[in-house]
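Single chain ahead, written as C-alpha cells, the form predicted on its own.
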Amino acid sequence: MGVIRLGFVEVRVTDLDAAVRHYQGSLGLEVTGQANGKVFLKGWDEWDHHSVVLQPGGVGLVKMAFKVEGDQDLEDFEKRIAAWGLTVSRVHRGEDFAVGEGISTELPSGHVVQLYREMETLGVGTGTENPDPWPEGQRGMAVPRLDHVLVTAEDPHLFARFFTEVLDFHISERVVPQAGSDQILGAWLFRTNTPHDVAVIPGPNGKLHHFAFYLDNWYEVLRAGDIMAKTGIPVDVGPTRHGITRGQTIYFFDPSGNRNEVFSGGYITYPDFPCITWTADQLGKGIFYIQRELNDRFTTVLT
C-alpha cells in the first residue's frame, strides 16, 4: 500500500502549440486529450491517460502528482499530511481531466503535491496479447514513459523529510556538506525500483529544475541527441553519465525554457537499499561523472 509511482507532471508553457510540437513531434508523446485549455500527453508504454499536462501561461511546475494503490491510502495520507502541519484539500473526481478522487497539499518549498487513486486507462501502444517490443509509427525520440522530476528548495532537508516521513519514500543518494554530516543538501528519493522518482537540490523555493523521460539504453540516448541536433533543440548538457544514479543522460530545453532530460540506465532499488552519500566537494563528479564539474547554466536556469 502507499504511493505507487510518479503519475504525472503539470507544467506551464508560454506557447502551447510550440510545446505540443516539441513533446509530441520531438519526444514522441501521444496527445490523449484537451480540456480547459490544457493538453494531455502520454508515452507509448504508459497505461494511464496521461503523464504530462501542458498548461498555457508562463513556465515552471504547476504540480507533481503521485498515484497511490488504494482508497484507504488517500485517507491515511490526508491525516498524516495534516498531522505534519500542512494544509490538505480534497481534489474531487472531474476537477482534473481523466483523474479520480485525490488530495493536494503545498509543501514548505512551495511545490504542490497531489495524490490520486485512479486515472482513466488507455493502454499501451503494443497491446496486451502477443505484443511486439515496440509499436509501429513511432515519432522522434519515442520516449516510452515519464521517469522522474527534480525541483529546487531553500531547505532540501525539510523537503526530503516530508517525502520520507509522510509519504514513505526512501533516499537512494544524498549530498551532505562533509563526511559524517546528517544535513541533506540534495536527495534522490524513490518509491519504485528506480534510483529516483523525485529529487531535490538547493535553490529557490517552488522552482522546477527538470522532468525526465526514460529511454531503454545508451544507444537510444545518443539517438535522441542526434534528433536534438537535427531539429535545433537547445541542449544543456550531454550526452554524458551521472555519478549519482549512474544514469546516462542528455539535458535539453522545451520551447518555453523548461528543462527536460532523457535518462537511461541506473540501478535497481529496494526498500532496504542503503543510502549512498556524496560530499559537497564531489558534487560536480556526482552530477556529471565524466566532466566532473557543473556549468553555471545547469545550477542557475530554473523555471
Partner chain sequence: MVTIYLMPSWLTIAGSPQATVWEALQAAGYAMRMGCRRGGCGICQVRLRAGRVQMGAYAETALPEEQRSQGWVLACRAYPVEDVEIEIRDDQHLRPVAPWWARVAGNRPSNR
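Residue numbers count along the first chain shown, from 1. Bear in mind the structure is a predicted one, so any value in this text is a computation, not a measurement.
Form predicted in complex with its partner chain: not shown, discussed below.
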Practice item. Quick one: find which of 254-262, 268-276, 66-74, 31-39 has residues within 4.5 Å of its partner chain in the model of the complex by heavy atom distance. Key: 254-262
Review point. Quick one: of Gly85, Gly232, Gly127, Gly180, which gets a non-hydrogen atom within 4.5 angstroms of its partner chain in the model of the complex?
Key: Gly232
Point to revise | Arg5, Ser109 and Val112 all contacting its partner chain in the model of the complex, non-hydrogen atom within 4.5 Å | key: no
Review point. Is Asp236 one of the residues lying within 4.5 Å of its partner chain in the model of the complex, judged by heavy atom distances?
Key: yes
Practice item. Answer with yes or no whether Thr14 is in contact with its partner chain in the model of the complex, where contact means some heavy atom within 4.5 Å. Key: yes
Check your understanding: Is Pro56 close enough to touch its partner chain in the model of the complex, meaning at least one heavy atom pair within 4.5 Å?
Key -> no
**Study point:** Interface residues of 275-303 toward its partner chain, as seen in the model of the complex [heavy atoms, 4.5 Å]
**Key:** Asp296, Arg297, Thr300, Val301, Leu302, Thr303
